[in-house]
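Listed next as structure tokens is one chain, alone, in the form predicted on its own.
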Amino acid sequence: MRIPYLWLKEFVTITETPEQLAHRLTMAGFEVEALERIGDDTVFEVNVTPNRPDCLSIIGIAREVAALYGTKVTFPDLNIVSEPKELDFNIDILDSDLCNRYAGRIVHAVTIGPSPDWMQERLEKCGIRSINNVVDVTNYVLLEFGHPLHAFDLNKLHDHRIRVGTPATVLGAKEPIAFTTLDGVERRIAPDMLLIWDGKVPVAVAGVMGGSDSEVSDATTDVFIESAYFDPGSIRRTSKRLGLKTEASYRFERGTDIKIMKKALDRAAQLIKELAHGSMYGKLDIYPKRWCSTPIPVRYARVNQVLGLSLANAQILDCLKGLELEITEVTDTGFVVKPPPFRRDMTMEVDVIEEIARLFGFDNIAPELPRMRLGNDDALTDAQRMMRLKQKLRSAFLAAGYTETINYSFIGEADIDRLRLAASDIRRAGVRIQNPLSEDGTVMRTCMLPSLIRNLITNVAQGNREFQLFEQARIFLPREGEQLPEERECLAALIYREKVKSLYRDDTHDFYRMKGALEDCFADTRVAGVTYRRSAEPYLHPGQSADIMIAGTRIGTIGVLSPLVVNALEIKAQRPSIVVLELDLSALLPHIGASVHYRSIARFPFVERDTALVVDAALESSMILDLVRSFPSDMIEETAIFDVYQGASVGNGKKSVAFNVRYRASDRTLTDDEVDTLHAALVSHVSEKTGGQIRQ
């Protein structure tokens, strides 16, 4: 927004130099990006944030200057005297949700000509080209008040009537209609776009641009001036869909002042009368949807808590004096603020606190280090705990050498087909996108792996022979009887490596590398009770995959990608190793942060025993560990499986599982007899439960 310094001084008393004022505005949140000297004037280039459309005008900036310096804004003298003649004109608002208010004035017997030099000069300083005195007045008032106006040639309006409505409302249209705007371009107007109509045809795209058939020209003698309030969302959609940006749409789509539009209309009519020598007639004002201010309770204690200050109650109220806010119900604990219509950005207590900070001065708030919460995580919300979990997992996978990926949240049906899921699988019933950009993005993803498989195909095509990827994002699962899907936080990871000759060879299987990284994450987040069960997922290798379980609930899967899936990818690689992981973080969250139990360092030595059991090949080895851990003895300190063997020596359909158990007592040194007796009972318990035999 370009603001001439001398024009600004007509509305507010300023004693500081332009440079000093620019610094003060910048420190109050309105960054002055540049100062341009033009003759004896200085033009400010002010960066106005999208939430402050009230400052897209000279008067808007004048309000801020007045609040900063404790002065008052002086508005133009609007001494309106209209001709005492009955108006033969009607206004009908047909879509009051899209147009809350519409007002207009008629000026007869105008003389179209060039604007005076002072007006042309001010418009040019603000980057607007002079056209004629009537059009220039509407642009001048736009810059001065921040409210867009439009001037119609009154004699080109059929039936002396204005209607405000969409083609669907006015014509019952279901298809776009044609309309030619002021720039001479014929545009397709959708049925839901708001238009201004006369008695027969449309004459303007509401809040965006007028029509070529009703524009003010050199032959114009009578003018109808429009001043209205349009729904910001409606104007934004129309402007974007038409690809048409104007000074009017820029302001309307951010929200204008529904009350100042009356003053803007009177100001324009007064200037047209002065510059075009017309006769001004009465005003029409249709206001079907009145604006009401929403009260905002503010607490003194909350103000100081957020800002880190110790302001007295009176100081807080003094900061708000110059903002034209209605302050009521002042008590010892707080007060109530009713924002004016030009401050629709103020809806919450924190918005008022921001205003206090701006006017107190950000540079007057001393910097200090933030306070950290130390203690129990029980005080955190689920959203905060999820954020911490994702941060820890991200750090762990990055430290393990994985590269983080970010993919779109939608995939194609072919991506799901690759996983060979059953027709009844819920992951095949993804939420469909109404207007997909391509066949590769027709549904919201119901699992994470399709995206990583796409990344795999791209990397292999680029010649990458070894990489590790992971991603954290949401999946979207359909829910019966509900419109919105269930959103679940998930993590997926993938290891790809081609088996090529190398001077250095790491014989550790990629499955165990990924499983090790995952278990490090579990240890870091204090997740207890994790077990692994053979997985039945169709996209995983049946003998080299597992479901990740906690308390009987599956929270994820890990394993080698099925050869059938790998072959369908048609990647050019020799004997690739592909291991994938998918983890449901929403299911994992309730199990993180298990209690930590501390004990003194053991004073007595441990004793170890190794045993190999021959069991059925279909038996999961983890079951043996579960049985050992559940054995009723406080002397079992640790257990682990160190060997699994299948071969002729153990028989067909059998396998040998060797496990180690470490025993220790806290109050004495165990004897061999005690350990042998305890271990024999343990082996007997495991053998009975599994049907196994001790391998000789």
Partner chain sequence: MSEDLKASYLADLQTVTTLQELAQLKAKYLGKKGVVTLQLKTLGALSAEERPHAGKRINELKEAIESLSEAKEVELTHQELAKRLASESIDITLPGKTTGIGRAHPISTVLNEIIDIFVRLGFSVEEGPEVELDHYNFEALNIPKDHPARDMQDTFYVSDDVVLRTHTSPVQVRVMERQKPPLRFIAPGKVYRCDADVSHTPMFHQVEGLVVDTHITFSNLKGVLVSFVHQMFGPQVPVRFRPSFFPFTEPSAEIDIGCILCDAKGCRVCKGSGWLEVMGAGMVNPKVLEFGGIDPELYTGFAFGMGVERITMLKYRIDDIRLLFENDLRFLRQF
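Fair warning: this is a prediction, and the values are worked out from it, not measured in the lab. So that the term is clear: the rigid core is the largest set of C-alpha atoms that superpose within 1.5 Å between two forms. Numbering follows the first chain given and starts at 1.
The same protein also exists as the form predicted together with the partner chain; that form is not shown, yet it is the one meant from here on.
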Handout entry: is_contact(residue 49, the partner chain) in the predicted complex, heavy atom dist at most 4.5 Å
Key = yes
Exercise for the section: Would you please decide whether residue 367 lies within 4.5 angstroms of the partner chain in the predicted complex, comparing each non-hydrogen atom pair? Expected result: yes
Handout entry: 4.5 angstroms heavy atom contact with the partner chain in the predicted complex for residue 290
Key = no
Exercise for the section: Indicate whether residue 41 is a 4.5 Å heavy atom neighbour of the partner chain in the predicted complex. Expected result: no
Exercise for the section: Given the partner chain in the predicted complex, answer whether the residues 176, 426 and 453 all have a heavy atom inside 4.5 Å of it. Expected result: no
Practice task
State the residue from 199, 605, 529, 401 whose non-hydrogen atoms include one within 4.5 Å of the partner chain in the predicted complex.
Solution key: 401
Problem - 243, 295, 127, 308 - the one with a heavy atom within 4.5 Å of the partner chain in the predicted complex - result: 308
Exercise for the section: Would you mind picking out the stretch of 50 to 58, 65 to 73, 641 to 649, 623 to 631 that comes within 4.5 angstroms of the partner chain in the predicted complex, counting non-hydrogen atoms? Expected result: 50 to 58
Fill in the blank from the handout: Checked 22 to 47 against the partner chain in the predicted complex; residues with a heavy atom within 4.5 Å, sequence order, are 23, 26, 27, 28, 29, 31
Practice task
Classify residue 183 as shifted (yes) or not shifted (no) between this form and the one not shown, where shifted means its C-alpha moves by 2 Å or more with the rigid core superposed.
Solution key: no
Practice task
Determine, after fitting the two forms on their core, whether residue 472 shows a C-alpha shift of 2 Å or more between this form and the one not shown.
Solution key: yes
Exercise for the section: Answer yes if the Cα of residue 324 shifts by 2 angstroms or more between this form and the one not shown on a rigid-core superposition, and no otherwise. Expected result: no
